[in-house]
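Okay, so here's just one chain, in structure tokens, the form predicted on its own.
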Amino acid sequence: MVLEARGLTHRFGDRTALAGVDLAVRPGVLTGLLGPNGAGKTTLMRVLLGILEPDEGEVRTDGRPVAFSDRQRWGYMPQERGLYPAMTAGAQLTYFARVHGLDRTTAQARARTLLAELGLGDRFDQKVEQLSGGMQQRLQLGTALVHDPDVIVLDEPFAGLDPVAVEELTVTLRARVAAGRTVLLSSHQLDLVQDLCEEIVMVDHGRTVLAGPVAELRASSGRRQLRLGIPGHDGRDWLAAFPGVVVVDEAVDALRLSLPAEVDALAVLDAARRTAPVVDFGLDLPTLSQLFLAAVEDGATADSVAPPAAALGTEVRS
């Protein structure tokens, strides 16, 4: 099921939260909705889900306007916790499965299977209020998955998770993607999901600033850096043969070069090897955080400024 947003605009009074956002999420492809806090990610998700009505634009699925019956087969995990603290973990998932129309026996079986998948198999009879914050986050993910939805929309699913839990969640999401589900997740921790998402949409101040396959965006950005370990190198006159190549860092035994998109990195490496022995080399592609900042600096968003670095995925996983 292809999920699309076309020209979505939404305002809260005089404030425009979304300004003509386009988005396409394909089944079998994990898509990340990325950007700093306050970029409009949660508002966009709520419009997709029908919680908020757009002032302009539309939400479509498989080429037609989305209907209520379509959304009944969707799963949503909000950023805010929505669990019942006095219920047990098993009863919680069973309840949500029943809300989605599963009979009691099937709902309980589904709850046990999903809790085991999420690393909570031994917590079936434990109250939610007795679970750690990370466990509650995983349980909340379970409420979005318990009815085996066709479309899965997750708002900041990695918040509060330690590295082990992040890996468990990653395995769970990749299993859904492999099964052909349509999965969209949001995060302001850009580099955390860099290796997870195959495609991304970056938003800032309610506008799309970058979109496409992650690998292609990083490779075609024109912001590659070539690392060369050249002990005792003498000068850099040989770089004159490569217009546009800039030395961004230089030490006695190493060079770091910024390469324009049109410059062949292997040609630069070969030229360096003809000058002096190269004992180490590597080609670094820009991170998603760097791509975002570059998009903002290049004027991809009107009337906006680059957010502070702390908002762009520099947090330590906790």
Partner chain sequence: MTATGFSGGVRLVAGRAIAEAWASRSWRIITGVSVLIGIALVVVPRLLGGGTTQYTLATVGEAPPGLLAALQAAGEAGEFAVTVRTVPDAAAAEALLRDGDADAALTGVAPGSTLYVAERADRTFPALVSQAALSLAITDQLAQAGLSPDEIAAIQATPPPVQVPVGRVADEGRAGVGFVSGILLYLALILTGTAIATAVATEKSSRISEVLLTALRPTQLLVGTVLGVGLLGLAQIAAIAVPAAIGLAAGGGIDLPASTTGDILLALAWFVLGLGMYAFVFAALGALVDKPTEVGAATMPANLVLVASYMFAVIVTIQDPNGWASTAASIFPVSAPLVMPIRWASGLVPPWQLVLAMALVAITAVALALVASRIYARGLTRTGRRITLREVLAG
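Positions refer to the first chain, counted from 1. Take the two forms, find the largest set of C-alpha atoms that superpose within 1.5 Å, and that set is the rigid core. Predicted model, so just to flag it, every value in this text is computed and none were measured.
The same protein has a further form, the form predicted together with the partner chain, not shown here; the description that follows concerns it.
J.: Within 4.5 Å of the partner chain in the model of the complex, do we find a heavy atom from each of 158, 166 and 175?
T.: No: no residue has a heavy atom within 4.5 Å of the partner.
J.: Among 112, 71, 236, 224, which has at least one heavy atom within 4.5 Å of the partner chain in the model of the complex?
T.: Checking each option against the partner chain in the model of the complex, the one that comes within 4.5 Å is 71.
J.: Name the residue from 78, 134, 229, 213 that puts a heavy atom within 4.5 Å of the partner chain in the model of the complex.
T.: Flagged contact: 78.
J.: So in the model of the complex, does any heavy atom of residue 99 sit within 4.5 Å of the partner chain?
T.: Close contact exists here: in the model of the complex, residue 99 approaches the partner chain to within 4.5 Å, heavy atoms only.
J.: Given that the partner chain is not shown alongside this chain, does residue 245 nevertheless sit within 4.5 Å of it in the model of the complex, heavy atom to heavy atom?
T.: Contact check for residue 245: no, nothing within 4.5 Å of the partner chain in the model of the complex.
J.: Hey, in the model of the complex, does residue 51 get a heavy atom within 4.5 angstroms of the partner chain?
T.: Because a heavy atom of residue 51 falls inside 4.5 Å of the partner chain in the model of the complex, the answer is yes.
J.: May I ask you to state whether residue 83 is within 4.5 Å of the partner chain in the model of the complex, using heavy atom distances?
T.: The answer is yes: residue 83 has a heavy atom within 4.5 Å of the partner chain.
J.: Pick from 99-107, 118-126, 166-174, 193-201: which stretch has non-hydrogen atoms within 4.5 Å of the partner chain in the model of the complex?
T.: Looking at the other structure, the answer is 99-107.
J.: So that I can tell if residue 88 moves, could you say whether its C-alpha shifts by at least 2 Å between this form and the one not shown after the core superposition?
T.: Yes, residue 88 moves 2 Å or more.
J.: Core-aligned, does residue 129 move its Cα 2 Å or more between this form and the one not shown?
T.: Residue 129 C-alpha, core-superposed: shift of 2 Å or more.
J.: Is it true that residue 98 shifts between this form and the one not shown by 2 Å or more at the Cα, once the core is aligned?
T.: Result for residue 98: yes, a 2 Å-plus shift.
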